[in-house]
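Next comes just one chain, in structure tokens: the form predicted on its own.
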């Protein structure tokens, strides 16, 4: 039996990036960075009390410990096993697509000729667990959050799928390594800017970031699908959206920004990580500068302008592929 070497690409991908350490490291840094960026835009300090010399970087870690040692309450009126299991399943299912996305040449857990297509499908299927999580809580406020989640999911899934399809048609492949290789001359964002715009807006909708923070609805007191969760279970439920942001940003970096080009190896991994910021930073900053849409406004955007743009992106790719 052949065992992977300590520095094999699949092992690095599983343990470091984009795997376990990458996901959990992103959670800590992203939550801290979002607070600091929003605070800076709004002329505030942001987290600073914990680890002041580090700019409050350890505040998310302190919040984590606080939640872990908080009392875990399991409602009597619901199936406690399902209540506890669904947020955990949701958290890990959100990270599953990274198995098929390469972060650098050979740095991928499960190489597949349709790897990126499989990742897109997995991203779209995970929404079912979000609805299941709200259903197991058996609370009228979570049902409202679940309905909003279903409506918003239906509005972004088709445009997101069409944006990815447009790029697959343009590249002639869904293999992550070949997709990046095709972009050695020109990045996908320049080859099909319409698909990039659709993908970026769909990313905000998929992760329920502002201005699409509709299922949670914090100004309405309740937290939608997360209303009944606390302690460790809230960590999984709350962190799931950050994991999805991580996955979609990584996928976007490979699809539109040339992935690890122009380097390889460790430098290529760092370049991929830096390109993810093109998707992560706007998703964070928009919280500070844009109001929340109503559900009807969000649905009008998803089924109207966004769907039309995604269809135009597919036609653009078909025309470009025919000309080339």
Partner chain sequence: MVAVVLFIALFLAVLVLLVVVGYLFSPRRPSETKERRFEAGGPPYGPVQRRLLMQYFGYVYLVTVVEAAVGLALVAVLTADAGRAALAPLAAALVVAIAAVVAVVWRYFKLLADVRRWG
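Positions refer to the first chain, counted from 1. Remember, it's a predicted structure, so these values are computed and weren't measured experimentally.
Same protein, other form: the form predicted together with its partner chain, not shown, and the subject of what follows.
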**OP:** Would you point out which of 248 to 256, 126 to 134, 180 to 188, 76 to 84 contains residues with a non-hydrogen atom within 4.5 Å of its partner chain in the model of the complex?
**Re:** 76 to 84
Subject >> Non-hydrogen atom contact residue 102 with its partner chain in the model of the complex at 4.5 angstroms >> reply: no
Subject >> Contact of residue 227 with its partner chain in the model of the complex (heavy atom, 4.5 Å) >> reply: yes
**OP:** Although its partner chain is absent from this view, report whether residue 295 comes within 4.5 Å of it in the model of the complex, heavy atoms only.
**Re:** yes
**OP:** Find out whether any non-hydrogen atom of residue 239 is located within 4.5 angstroms of its partner chain in the model of the complex, and reply yes or no.
**Re:** no
Original post:
122, 205, 146, 174: which sits within 4.5 Å of its partner chain in the model of the complex by any heavy atom?
Top reply: 174
Original post:
Counting only heavy atoms and a 4.5 Å cut-off, does its partner chain in the model of the complex sit next to every one of 169, 314 and 323?
Top reply: yes
Original post:
Out of 300 to 321, which residues reach within 4.5 Å of its partner chain in the model of the complex, heavy atoms considered?
Top reply: 300, 303, 304, 307, 311, 314, 315, 318, 321
